[in-house]
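What follows is one chain in structure tokens, specifically the form predicted alone.
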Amino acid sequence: MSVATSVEKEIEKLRDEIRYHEHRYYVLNDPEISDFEFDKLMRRLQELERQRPELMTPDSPTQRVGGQPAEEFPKVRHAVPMLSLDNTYSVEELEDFDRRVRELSGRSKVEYVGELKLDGLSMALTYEYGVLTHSVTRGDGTQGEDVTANVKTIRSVPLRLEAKKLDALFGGHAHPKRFEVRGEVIMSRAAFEQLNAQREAAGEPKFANPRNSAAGTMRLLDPKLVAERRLDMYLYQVLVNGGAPLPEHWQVFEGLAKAGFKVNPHRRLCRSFDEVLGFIQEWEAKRDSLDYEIDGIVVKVNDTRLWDELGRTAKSPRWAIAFKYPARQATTVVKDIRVQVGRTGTLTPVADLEPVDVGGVTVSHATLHNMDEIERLGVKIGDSVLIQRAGEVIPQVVKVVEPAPDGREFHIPKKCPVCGGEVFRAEGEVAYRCVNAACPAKLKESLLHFSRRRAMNIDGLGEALVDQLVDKGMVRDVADLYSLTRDQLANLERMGDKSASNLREEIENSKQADLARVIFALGIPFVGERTAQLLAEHFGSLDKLASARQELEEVFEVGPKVSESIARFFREKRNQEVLAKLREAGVRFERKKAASRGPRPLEGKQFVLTGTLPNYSRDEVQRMIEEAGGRVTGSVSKKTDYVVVGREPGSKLEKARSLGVKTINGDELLKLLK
């Protein structure tokens, strides 16, 4: 056997193995191997594909996240319109739907399929010869946007279907060359909470609900960012030549599941209309037990041969309807308003209520979100208020029903109620935050952030371990990590001598992290990776950064809000104590000196990239510009010196022309670099 043949076989074997484990983990929720073992398989495949790039295929598991960010999403017309469903909130209207179906079909009894109505983003996926080729949003129902690169990052979506999977999908009939599957892209509650915690820590506005976050994520132009947000997708429909390929809708679900797609297990084949009502009532009581949002039940005629016969209106099919659950509300009295400190240090006002039954659940508190919301509602302690549960775990105050004559106003405390640290609110921001990096309320999140790969890169310090370290009182701030011994770690649950030694080595190695990583790891509000890099380049040491005040705004892209946040962080006494412990532990406070700093012909110049440059990825071009002293930004302005134009440029080229900014091609950029 030749070496070439051997490598080809190993690559194909790895791809099959990775696809199998992706399906076990992301679709069946039943993994057979650890994350470490899975990553090992993926790294081996990546290594082989780098050695033999001619063997790379678009459906390889390594291509879920790849390429450079898009500049815009092309519009695509749907082969079959993606219609919206008629909604109803009443059983009477649902009975009318059943009556119309029976009358139009001429049948005395009709079977239905009940499905959970997922609160997400509708999507159509096209497969050609079993390979995913296009993913298009619903848009206006007639045309949507091609977001294929983003959908590829959803690990539950198969990039390729083998022949046996296609057999299962089409019931053993001949496979169509091209078919379409439709479904809902969602974000789980757990992923939603994690995303909002990260946005809050970065000083960005939080998403209102998982549906908004899923929709916002799918419109990101960089697939790498999409991949970080852990979207999921449930499929519910198959189309071949514009029609259903199987006689029963229930068979479609079974075929999709056997083919490797993720389908929702909570569905029911209803032999009668009474069974439909029973399914609706069952899930109204159980909806909060799910890790994703639903806002009702979709009812579809099971016999797909009736779909064409029943037809459609201008906007909706006559063979399906959505029963929407009503928001659950009640009136009660605000006994007090207190503050909760979240994992990122944000202070959230919470109303303590006279206990009241809301949809079968006794509610005694509700979120007031922030001070802006309290002022908008005009709520005071003692007021009678309307509260609502609409799928959220924590109820919310909707409005004041009757103001109390002696109602007391609420004010955010000046000191953190957990640690006594300073509380601040940045200009233009809604949230008040505790500035103390060692605040017990946010310690676990601080430790996870500190150990992130792009921060101090302490591999092995996951949530379960952080929970133990904090709960057992072994770690009270991030600096305490460096005083942990191998024996202490080995005595923790699911840790042995080998794991403890490896973690100790990771912690020790992290001391050599460069200054930009250290700054980012500290978790200073509004200081992300790029800002941390710019601060490290400007000041060169943590001591100089800590003592800087007016000079902070001289740093590129650092404005008044960010500079005030940095200064406030370093003024906090408890943060100074943590920094002293980090210094004593041996963490690097100085920027590493480059071995040899070559000429910097682009010093002070600002660039914007648009289109694709031959022979270089966008990351490589950005690195070359920055090593030569230039800066790369995402948008064109009058401050831009050059716009580098590649193949298929986007709207940035037009913006550059309108502002009179100089445009250059790849060859001209190389000349500037030399």
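Here the structure is a predicted model, which is why all the values come from computation and not from measurement. Residues carry their position along the shown sequence, with the first being 1.
Another form, the form predicted together with a small molecule, is not on view; read the next lines as being about it.
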In the model of the complex, is there a heavy atom of the small molecule that lies within 4.5 Å of any heavy atom of R138, even though the partner is absent here? yes
4.5 Å heavy atom contact, K117 and the small molecule in the model of the complex: yes
Contact between K300 and the small molecule in the model of the complex at 4.5 Å, heavy atoms? yes
Contact between S122 and the small molecule in the model of the complex at 4.5 Å, heavy atoms? yes
Which one of these stretches, 169 to 177, 314 to 322, 222 to 230, 239 to 247, sits within 4.5 Å of the small molecule in the model of the complex when only heavy atoms are counted? 314 to 322
Using a 4.5 Å cut on heavy atoms, which of L534, I458, L83, L448 is close to the small molecule in the model of the complex? L83
